[in-house]
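Below you'll find only one chain, the form predicted alone, shown as structure tokens.
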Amino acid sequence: MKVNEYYRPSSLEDAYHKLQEDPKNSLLAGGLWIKKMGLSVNCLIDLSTLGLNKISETKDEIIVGSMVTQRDFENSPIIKSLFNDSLAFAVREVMGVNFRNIATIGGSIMGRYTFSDVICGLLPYDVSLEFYPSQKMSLEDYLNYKGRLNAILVNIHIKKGNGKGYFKKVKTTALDFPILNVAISKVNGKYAVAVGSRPMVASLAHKAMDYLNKESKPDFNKAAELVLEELSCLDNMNASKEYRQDLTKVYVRRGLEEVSK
């Protein structure tokens, strides 16, 4: 990675204006992945001193600053209290502690990485992203957004609710990238199902969700089949398409059973 200039802004406004100066200017969050991407960056804008590393709570939602580290997220009592600790557990599966002490929640989201445990773990919940200067969208809408969003992620808003969550990461070794991710929630009586590392960025299985939320006694095996009808799996060096399909069937069914207890 080649960087011509390192810049530490004095405010969000300062950071935003610097970002607009050149399409080759880039934001620095944790910085663990950007340096591996071989980019040529004109100016690297460091967000670490702008106070974006706090987790707060209101009556209706949890607000996570974009620069909160994965380690602080997984250890937060506020996050642990949500949905039987499923959000914290999803992040706890990422690499090792040294990695999670540096990697940020916002950086993991903005990268839209296909292997992201963080994205898959958050997707089944009511999560919205707050950008500077004045923009807000759901996590799903951001994942489907085409091109580069020329704004700064400030906060991740997680809406509270009554219910349970489930997260499963299938991997070869403890510190390995995922072969498949499955995240499921049942919040306020409504199911949501997300599958990632197929090997594509995590997506919601809307057909299966529609079926689950219409039926009074849904068949979880049928729901798993509907997931595979909508979300395709592919081959890569880590696993075959057929293996990922089999994993999806098993863990979607198990996850639905778990959140329905």
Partner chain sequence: MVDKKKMRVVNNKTHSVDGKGLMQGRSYYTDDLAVQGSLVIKILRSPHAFAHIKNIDVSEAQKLNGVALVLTYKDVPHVSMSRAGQGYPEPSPHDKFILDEYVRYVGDEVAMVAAINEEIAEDALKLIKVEYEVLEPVLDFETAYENKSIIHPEDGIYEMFPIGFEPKKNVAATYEMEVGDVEKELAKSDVVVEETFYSQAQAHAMLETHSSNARLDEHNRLVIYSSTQTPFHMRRIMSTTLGIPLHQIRFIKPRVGGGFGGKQCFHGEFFCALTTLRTGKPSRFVYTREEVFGASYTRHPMKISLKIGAMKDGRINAIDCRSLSDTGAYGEHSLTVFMIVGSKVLPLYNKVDAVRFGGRVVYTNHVPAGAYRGYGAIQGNYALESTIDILAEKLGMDPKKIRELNSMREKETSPIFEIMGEGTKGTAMIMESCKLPYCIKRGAELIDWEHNWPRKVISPTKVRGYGMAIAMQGSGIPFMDMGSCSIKLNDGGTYMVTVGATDIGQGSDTIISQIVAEELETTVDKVIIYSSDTDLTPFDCGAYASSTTYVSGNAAWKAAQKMRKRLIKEAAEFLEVKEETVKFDGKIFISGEKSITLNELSIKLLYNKNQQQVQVTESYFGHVSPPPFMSAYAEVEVDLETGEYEICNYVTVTDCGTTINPMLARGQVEGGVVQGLGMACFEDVKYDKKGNLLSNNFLNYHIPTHKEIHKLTTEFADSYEPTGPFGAKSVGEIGIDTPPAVICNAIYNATGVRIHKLPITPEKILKGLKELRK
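Keep in mind it's a predicted model, so treat the numbers as computed, not measured. Positions refer to the first chain, counted from 1.
Unshown form predicted together with the partner chain; subsequent notes refer to it.
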item: Stretch in contact, per heavy atom within 4.5 angstroms of the partner chain in the model of the complex, of 122-130, 185-193, 143-151, 172-180; value: 172-180
item: 4.5 angstroms heavy atom contact with the partner chain in the model of the complex for A15; value: no
item: Touches the partner chain in the model of the complex: L19 (any heavy atom, 4.5 Å); value: no
item: Contact of S10 with the partner chain in the model of the complex (heavy atom, 4.5 Å); value: no
item: Residue contact check: N238 to the partner chain in the model of the complex, 4.5 Å heavy atom; value: yes
item: Complete contact of L50, K159 and A223 with the partner chain in the model of the complex (any heavy atom, 4.5 Å); value: no
item: Members of 227-250 lying within 4.5 angstroms of the partner chain, judged by heavy atom, in the model of the complex; value: M237, N238, A239, S240, E242, Y243, D246, L247, V250
